[in-house]
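Just one chain follows, in the form predicted on its own, and it is written as structure tokens.
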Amino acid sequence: MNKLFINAGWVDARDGSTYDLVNPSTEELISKMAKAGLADAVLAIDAAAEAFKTWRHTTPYTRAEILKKAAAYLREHLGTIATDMVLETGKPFAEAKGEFAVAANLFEWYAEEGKRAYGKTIPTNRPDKRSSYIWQPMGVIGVITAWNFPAYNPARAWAAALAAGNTVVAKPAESTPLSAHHLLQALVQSGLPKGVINLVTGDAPAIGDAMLRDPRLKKISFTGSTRVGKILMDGASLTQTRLSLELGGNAPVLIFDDVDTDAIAKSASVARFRNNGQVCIAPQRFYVHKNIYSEFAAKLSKYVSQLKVGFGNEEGVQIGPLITKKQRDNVFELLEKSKKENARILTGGYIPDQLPKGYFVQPAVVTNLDQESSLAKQEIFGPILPLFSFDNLDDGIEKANNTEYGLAAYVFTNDLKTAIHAAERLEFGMVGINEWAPHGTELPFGGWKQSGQGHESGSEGLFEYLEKKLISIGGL
């Protein structure tokens, strides 16, 4: 499974190129991986385009059987495949196992949802005319996904695209290909026909360019940075390629003074550092009402300091390593900037003594910040929790909305009016009220502003991969 998967075969890159897959916990080599380039991407598109000719005509019930079998395969092999995710990401085993379970849920959800792509009959203004519309698959779909959730990110796009009757060229992140290989294996073992899904990992610009320039590839689903999302938007004009973009985030959290500070501090210490903070919807900018700010900061620091950092396969570990040395360097660079801006680190922000190898960072809580701070403006994507204060609802909303991003936001209050006003005025695609998980298999996932376009998950996620066709009959 260190090769590319094209037209139902595991193959080397055409030019024989490889790259090193490294364990972020030990900095040791896991395997040499085939590195795809332009020629490999073209071959994958060729295979997907040919397979679409027949796959598009299969019924949604036939597709559903394959997706449901794939879901069962993932559930049956959870322990084994989660071990590989721990190996390539370093995340705790429980998180890896849970992520593959969600991937299985997505396969099952879209197996059923694909049967519900209903059209509509439309009454017309003429007695001799009958009009309706139907939904049809788009064609070849390119799916480019990020490393932070190497099973969940591909599964939600692959499942929806396949259930809708499309074929797929998948490009998982170079640093986490093994998880995608397991998803692919689940589909192949479940009877997915030749060429319906193809997997190429390697030269991202070359693969992306091949996708953008080939008119047979009708859409790209991308999960990653806002910077790369903008590059794809520019390139999509070449062939009018459709895009779904799930990009960066800088999620605010408004914590009002009527909450149980201890309970929220305890849950926040877990929610913020899930997957080491490497989550696009991670609660990031914590705005705490001035009346409880000091109390909350003290309690939060206590709970964060107790989080166990270590190898993902060790019992009780809650925080693994960052994905790469570069990612860890970015975290330390942000902390250094913050110190120069007179911020105060209450706990963490260093490499644990017992973990000199690997890309580990002790989770940090940072105070004495304002709206001009680096930690207010930049997406952190790492184990730093910055604390800000606000005076009242209007002040909190203004500060929360002061970002180019608009993916997720969070509000904690026991006052119904406050919750409703905050939810309706926050400029974000998803708002969680008194919860840290405003998302789910059945719920639409998408952002505003520079956090992307389109939606994944839910019934909305299916229609992202379908074309609407009007059929009108006259002269009756």
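Fair warning: this is a prediction, and the values are worked out from it, not measured in the lab. So that there is no doubt, residue numbering starts at 1 and follows the sequence shown.
Keep in mind that the form predicted together with a small molecule is missing from the display, and what follows is about it.
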Indicate whether G79 is a 4.5 Å heavy atom neighbour of the small molecule in the predicted bound form.
-> no
In the predicted bound form, does A146 have a heavy atom within 4.5 Å of the small molecule?
-> yes
Examine G208 and determine whether its closest non-hydrogen atom to the small molecule in the predicted bound form is within 4.5 angstroms.
-> yes
Does P172 reach the small molecule in the predicted bound form if we count a contact as any heavy atom within 4.5 Å?
-> yes
Flag this candidate site as yes only if A204, F222 and I231 all have a heavy atom within 4.5 Å of the small molecule in the predicted bound form; otherwise mark no.
-> yes
Within 4.5 Å of the small molecule in the predicted bound form by heavy atoms, the stretch out of 222-230, 283-291, 296-304, 265-273 is 222-230
